[in-house]
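Take a look at the structure tokens below, where one protein chain is shown in two forms, each on its own, as structure 1 and structure 2.
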Structure 1
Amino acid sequence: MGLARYVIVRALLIIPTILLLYTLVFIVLRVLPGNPVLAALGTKNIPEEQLQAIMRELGLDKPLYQQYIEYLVNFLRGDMGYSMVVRGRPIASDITDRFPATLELSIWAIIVSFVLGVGIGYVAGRSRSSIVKHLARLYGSITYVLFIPALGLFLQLVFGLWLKVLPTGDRLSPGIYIKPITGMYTFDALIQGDLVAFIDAVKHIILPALTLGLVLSGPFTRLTLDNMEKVMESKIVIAYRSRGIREEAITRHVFRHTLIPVVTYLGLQFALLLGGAVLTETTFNWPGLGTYLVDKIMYRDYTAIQAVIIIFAFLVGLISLITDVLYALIDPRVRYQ
């Protein structure tokens, strides 16, 4: 009952978080100079009467408080509005088409970051060599400060231009078709048993996932290593060794305790993951929500920007909630009153 009550309270707290971000985005977009319709159309040569008609159609002629409330109410009803750039195009359709690409990239990137970060931290934590530990910490510090576009361009140059072994953009090669089921091509190809399409989809996602995963792996390395060293020096490990328990069994026990803060940090990294996905998608021309958001910001497409920000805020809150629940399941000492 304590955990259930905690989940309900945390779920309700997602609402003010979304409202705060939506309010900030709404205000920032409205205080920017210039007419958003002219920015969306990309021209200033439009008759005043036509301009006013478009603004009335989009509801931009209404008072700001009314625009704020109406969009929020419509969003809660499932209506995200229509694009200001592509007239009559529902934003919900754009997000439905783009979200699977971002989700697929995020899944593979977090797998890469977790495997690399925790793996290197685990190996360094088991090692008795101080050089190995210093190298692991150096890896964690360097990767965390890498600039995603610069790293992405470097990997494109090496593996795409020089070695010519991996594609540098898009999700599939010309002529390859995967029937969409989940919208995530690597998983859809596996479901359909299409090995050729699966290999092609994997080739396209390697560089984007590696770029984002490398940057996110640094904190996992340092966190895993630091916690393994801390637990290794604890009294319980000394007691295990005094009883003659094998070192492999002790290491497994230590690693299990180490995963508790790592899993917690995994949830905190999700916000950085979405931010990194925007940069990664732009670098690799990956057709996800990140490139969609950048395009809409350039054209000041109010409704589209607001919709994407609300969805990002909801995802961050949801993943944070799931992380807290996993924390309680992994660590039996955690109890929510």
Structure 2
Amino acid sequence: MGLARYVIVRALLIIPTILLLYTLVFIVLRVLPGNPVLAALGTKNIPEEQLQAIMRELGLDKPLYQQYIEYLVNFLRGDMGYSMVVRGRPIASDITDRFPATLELSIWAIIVSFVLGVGIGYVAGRSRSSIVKHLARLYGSITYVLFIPALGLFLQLVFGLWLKVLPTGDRLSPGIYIKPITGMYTFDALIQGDLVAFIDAVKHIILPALTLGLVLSGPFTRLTLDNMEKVMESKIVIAYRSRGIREEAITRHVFRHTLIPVVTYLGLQFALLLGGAVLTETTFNWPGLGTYLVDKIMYRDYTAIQAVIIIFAFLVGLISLITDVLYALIDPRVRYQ
């Protein structure tokens, strides 16, 4: 009851944010540059008539406000227009091809960062040694500023070239085939019970997920550690102890409290995750939205760039909604406000 209403309210509140981001992206990409078609074709010696024809084809001849509205309406219907460079290619189908790869990478990276970050913070939080706590904090601030391509290439050198145990790019080895269901190969292979393909897919995702996950894990460590310390000194712990509850159970309950700020942070972390995914994908030739975006940047394919960035805006809105809901699930006080 309370939860459903809460979710609906939050969902409605996300809409203005998404609209604002859309407007922003529209302004930056459509209003700022000169003639996008010229930029895309990279030449100025096109007959005026042909230029007009292309502009009309792409809907760029209409007044800006009309473009603004039509683009949004079409976008919501799943029509993201056509590529400027590969003419006649609908962008929506490119994106549906690429999206699962990015989603799969993100899911594994979040899992890695959560397990590493919260795990290290939890262990350090329970430890009585101040050196361990110091090291955990240092881990948190240093992993946070690792440069993803540098870390990724370093891992490729070590595990791919020197130890030769893991592949350095792509999602599957040549010759391995997985029938796409979700498009996320690790999960698809599991669903189909194909062990060989599963191991191959896992081998390919280890390094990218580790790279991205490691960089994202730092803030989790610090948050978990700080909050464990704070909550372990709180009166709730004394109260539990005064009832004879055993320490393991208390730690478990307390851990839930430390998760509140961690989950709130998850939402902010997602912005980092998307940016990091672009770099990770480029570093590992991972065929997701990030490499797609970078490819399109090379060709100045504005319609495609715009579509990807707006997709990201929607994802940000969606994720902030999901974190709100998670938050409400953990903390009952939120639901009833």
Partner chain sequence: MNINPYTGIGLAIILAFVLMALLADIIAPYSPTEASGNVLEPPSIHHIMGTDNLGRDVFSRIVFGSRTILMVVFLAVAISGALGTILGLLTGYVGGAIDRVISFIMDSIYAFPSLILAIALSVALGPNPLNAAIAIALTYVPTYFRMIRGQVLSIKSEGFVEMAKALGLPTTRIIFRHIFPHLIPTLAVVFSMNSADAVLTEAALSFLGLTVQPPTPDWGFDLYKGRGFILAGAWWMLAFPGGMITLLAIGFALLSEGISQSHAVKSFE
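Just so it is clear, the structure is predicted and the values come from calculations on it, not from any experiment. Structure 1's sequence is the ruler for residue numbers, which start at 1. Under this definition, the rigid core comprises the largest set of C-alpha atoms superposing within 1.5 Å between the forms.
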Decide which single structure shows the form predicted alone, answering 1 or 2. 1
Would you tell me if residue 310 moves between structures 1 and 2 by 2 Å or more at its C-alpha, with the rigid core held superposed? no
Aligned on the rigid core, do the two forms place the Cα of residue 122 2 Å or more apart, comparing between structures 1 and 2? no
Quick one: once the rigid core is lined up, does residue 285 have its C-alpha move by 2 Å or more between structures 1 and 2? no
Core-aligned CA shift between structures 1 and 2 for residue 244 (Å): 4.3
